[in-house]
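Let's start with one chain on its own, the form predicted alone, as structure tokens.
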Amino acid sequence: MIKIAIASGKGGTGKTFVATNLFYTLLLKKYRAILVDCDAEAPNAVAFFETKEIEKSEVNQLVPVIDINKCTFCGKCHEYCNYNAIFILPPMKIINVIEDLCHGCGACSVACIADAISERPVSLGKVETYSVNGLPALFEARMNIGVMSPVPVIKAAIKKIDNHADIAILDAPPGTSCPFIQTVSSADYVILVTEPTPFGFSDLKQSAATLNKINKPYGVIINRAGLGDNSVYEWLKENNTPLLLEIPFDKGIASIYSNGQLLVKKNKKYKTLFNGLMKTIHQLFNTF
């Protein structure tokens, strides 16, 4: 099985647009394909398909609970915590866990010599499994409101991938921070979606630099081609980066997408282009 992440540095470049159309193209070609919506803060891939929810699983994190009757206020748990999630004032015998900062690493439990720390589960979000064409094929990561990081929820969604599938498409969150890293680090190949504007170009370079550091192969799709200037094209040529596909700036395409419809269903030309995209990736990254 190959995992392909669809990512970008800038939000709104068309990641989900590419991910959903590529996923549907794979289904038409009779691949056993899976789509994982890793944009846990604002998932929306499910809106483009006729689906049925078949499973919902909670993603929990264990956070410490401190028994002040056993606590000696030695401060070891505070010292061991790399995230400053334990507040302590030993002279006043005050100690509290700041749950929003806790990463559930368990270091405080290891540090405590008074056996004063237990743990309780706190919900971070959920992973919902949907069937497409009668088979479990779409996994949606959705974090709870107020949760600091979507990373554990993204990780749980990616773990749902069935190893018997041929291809998994990972729709990554925007940006280049931890959620992006968590998603692309699981992928065998990354498709960066950008637009030929100054903002798109700037964030493309940041994303590419990050992928270079973690040694992930990637190619680029330029969406809304015809806007901006030629800076992105010149950079691709200078850095020998594959240009996988161009999608023009077209009001008709925007209208189809904004109505929750798939371009490859409405336009045979783009069905052919997305088929060609898979052939291009095959040639660049001979895996399947």
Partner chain sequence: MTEIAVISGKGGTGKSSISAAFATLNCKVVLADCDVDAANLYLIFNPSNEEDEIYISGYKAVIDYSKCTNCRSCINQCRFDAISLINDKTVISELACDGCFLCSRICPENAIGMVPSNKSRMYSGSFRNGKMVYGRLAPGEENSGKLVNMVRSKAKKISGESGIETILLDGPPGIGCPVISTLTGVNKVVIVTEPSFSGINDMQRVMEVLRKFNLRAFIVINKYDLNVTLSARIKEWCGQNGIELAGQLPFDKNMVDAMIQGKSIIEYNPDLKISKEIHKIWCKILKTD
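Quick caveat: nothing in here was measured; it's all calculated off a predicted structure. Residue numbers count along the first chain shown, from 1.
This next part talks about the form predicted in complex with the partner chain, which is not shown.
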Among Asp188, Asp162, Glu119, Asp166, which has at least one heavy atom within 4.5 Å of the partner chain in the model of the complex? Glu119
So which of Cys74, Ile98, Met148, Ala114 gets a non-hydrogen atom within 4.5 Å of the partner chain in the model of the complex? Met148
Partner-facing stretch of 51-59, 34-42, 66-74, 240-248, counted where any non-hydrogen atom is within 4.5 angstroms of the partner chain in the model of the complex: 34-42
Using the partner position in the model of the complex, report whether Asn133 sits within 4.5 Å of the partner chain, counting heavy atoms only. no
Is it the case that Phe87, even though its partner is missing from this view, gets within 4.5 Å of the partner chain in the model of the complex, heavy atoms only? no
Just checking whether Gly276 would be counted as a contact of the partner chain in the model of the complex - the rule being heavy atoms within 4.5 angstroms. no
Evaluate Ala107 for contact with the partner chain in the model of the complex, applying a 4.5 angstroms cut-off between non-hydrogen atoms, and reply yes or no. yes
Sequence order please: the residues of 16-33 with a heavy atom within 4.5 Å of the partner chain in the model of the complex. none
